[in-house]
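So this first bit is one chain, no partners, the form predicted alone, shown in structure tokens.
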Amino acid sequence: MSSVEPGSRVATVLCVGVAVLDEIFRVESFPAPHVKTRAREFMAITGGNAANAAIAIARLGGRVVFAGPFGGPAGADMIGDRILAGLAREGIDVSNCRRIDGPMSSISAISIDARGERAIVNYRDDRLAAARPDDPAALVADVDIVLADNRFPEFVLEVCAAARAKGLRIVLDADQPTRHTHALLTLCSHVVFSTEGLAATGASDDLAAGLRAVRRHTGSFLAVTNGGRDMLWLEDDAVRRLASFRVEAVDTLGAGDVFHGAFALALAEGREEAAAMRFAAAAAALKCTRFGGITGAPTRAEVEALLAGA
């Protein structure tokens, strides 16, 4: 059951990192060279690790602030305008987002096949990486926890450093290694890898060995998601496992982001790590049963129902 009591204060999560416009095509099979493939369904929605996590948290009843770099200015970069409008419609505070004159915001073309697997082509203007938060200390002043991805590490590092100085917990979505990965590993209190991110960072395809390799560089809580298979985490020096919820996957796009968002919210609400991961795993499993990327993020009532029936 949820640790949140009726009438209690709503937890506030700051999500910092990347936001993308996802153009999603539902196909029977992935396009082959020189062959025109007709999509059965199409939608254009908000995407990106931190932005998806923010939407997941909002759907679960948390209060969310989002910060990250966008193209600009407003009115000239229609992609950024559309992403920000989509986040605002979810009730997310986007007043701290930076707009950089000249580049356009990030966009992805995504094909999802009949098995729910995805193929992604992404465009992100390198000039966005020059953006920095205006006032990191003010940004973290009134939040309970920070969730960061590592797609714009220079932007994210300043926010994480301010959060660390304030004594806040920081959850890192370690989706891919960057030249700032070790600095982020040191700053963040909780690091949850994707399978690919851990393999690259820990230099091993063995997930347990990868976690132990990363342990040499940080005292953070370390875990790795593994698609529909068991997720692993370290407890002292022991590798622990958490079984996934068995569902029929329709669309896996955004499932990892839902996990990270739900995990951060559950920590902010007072759950211990193992219970927070189970809550997050249930949320991610429900998302996989629905086509449409982050539009399939579940409500709290749906997650609690799955947990109660498990």
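The first residue of the shown sequence is 1; numbering continues from there. As the structure is a prediction and not an experimental result, all values here were calculated from the model. For clarity, a rigid core is taken as the largest C-alpha set superposing within 1.5 Å between two forms.
The same protein has a further form, the form predicted in complex with a further copy of the same chain, not shown here; the description that follows concerns it.
Since the partner isn't included here, can you check whether a further copy of the same chain sits close to all of I145, R290 and G309 in the model of the complex (heavy atom within 4.5 Å for each)? Answer is no for this spot.
Have a look at 29 to 37, 266 to 274, 243 to 251, 280 to 288 and name the one stretch with heavy atoms inside 4.5 Å of a further copy of the same chain in the model of the complex. Only one stretch passes the 4.5 Å heavy-atom test: 29 to 37.
Heavy atom to heavy atom, is D126 within 4.5 Å of a further copy of the same chain in the model of the complex? So D126 counts as contacting a further copy of the same chain.
Report whether the minimum heavy atom distance between S111 and a further copy of the same chain in the model of the complex is within 4.5 Å. Flag for S111 set to yes.
May I ask you to state whether S204 is within 4.5 Å of a further copy of the same chain in the model of the complex, using heavy atom distances? Residue-level check for S204: no, no contact with a further copy of the same chain.
Taking heavy atoms and a 4.5 Å cut-off, does N226 contact a further copy of the same chain in the model of the complex? Taking the distances in the model of the complex, the answer for N226 is no, it never comes within 4.5 Å of a further copy of the same chain.
Among the candidates V214, C97, I92, M104, the residue which, in the model of the complex, approaches a further copy of the same chain to within 4.5 Å (heavy atoms): Checked against the cut-off, the match is M104.
Pick from H182, R164, R132, R82: which residue has any heavy atom within 4.5 angstroms of a further copy of the same chain in the model of the complex? By the 4.5 Å criterion, the partner-contacting residue is R82.
Even though the chain is shown alone, can you say which residues of 40 to 63 have a heavy atom within 4.5 Å of a further copy of the same chain in the model of the complex? Read in sequence order, the residues that approach a further copy of the same chain (within 4.5 Å, in the model of the complex) are R40, E41, F42.
Does E248 show a Cα shift reaching 2 Å between this form and the one not shown after rigid-core superposition? After core superposition, the C-alpha of E248 moves less than 2 Å between this form and the one not shown.
Answer yes if the CA of E272 moves 2 Å or more between this form and the one not shown after aligning the rigid core, and no otherwise. Superposed on the core, E272 moves its C-alpha less than 2 Å between this form and the one not shown.
After superposition on the rigid core, does the Cα atom of R229 shift by at least 2 Å between this form and the one not shown? Comparing the forms between this form and the one not shown, which are aligned on their rigid core, R229 does not shift its C-alpha by 2 Å or more.
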